[in-house]
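As a starting point, one isolated chain is supplied in structure tokens, in the form predicted alone.
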Amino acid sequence: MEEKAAILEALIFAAEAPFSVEKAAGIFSELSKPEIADLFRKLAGDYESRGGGIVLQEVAGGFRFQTRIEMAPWVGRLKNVRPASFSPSAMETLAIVAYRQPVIKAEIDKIRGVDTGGVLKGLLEKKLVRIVGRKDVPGKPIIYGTSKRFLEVFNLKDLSELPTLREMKDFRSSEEIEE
């Protein structure tokens, strides 16, 4: 199994996107999906217990190597990059899409109280939002949802990891107390 773990490690490293159990099953035909999932967990545990600068993180339906969050200031110095930032309107629109999906532009506009066409276009260009279809009503408006890239950028396994409304209220309350 050590050799299989080494092969899996190489595959995850070489993959351009989070590497899933399903993709691995196509390569390891002699292993069942539960065995492959165990191999992913063992490898992730090995990296976690090692305490190094790299971890194996489950993100967007697969696994990828990434730097440990505590290393961000150091990696930032190397890359001389500031963290990605979004305008308040982009964050509001993205939050509406994430929590209300599938959603049409008219619903987003109604919630925000402004036209979100430009913001949606930008989120589509950044591949954070995707077109999931058209609503079966007159005019057939486009239906939007979040993308796999959204999960990657926000380091989420799936949408169930989004904070609940209660968690966000609790977070805001604790921020107000600290100020």
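One rule holds for the numbers: they count along the sequence shown, beginning at 1. This one's a predicted model, so the numbers in the text were calculated from it and none came from an experiment.
Another form exists, predicted together with another copy of the chain; not displayed. Remarks below refer to it.
Although the partner is absent here, A37 lies well away from another copy of the chain in the model of the complex, with no heavy atom inside 4.5 Å. By the criterion of a heavy atom within 4.5 Å, G51 is counted among the residues contacting another copy of the chain in the model of the complex.
Although the partner is absent here, K140 sits close enough that one of its heavy atoms falls within 4.5 Å of another copy of the chain in the model of the complex. Interface membership of K33, defined by any non-hydrogen atom within 4.5 Å of another copy of the chain in the model of the complex, is ruled out.
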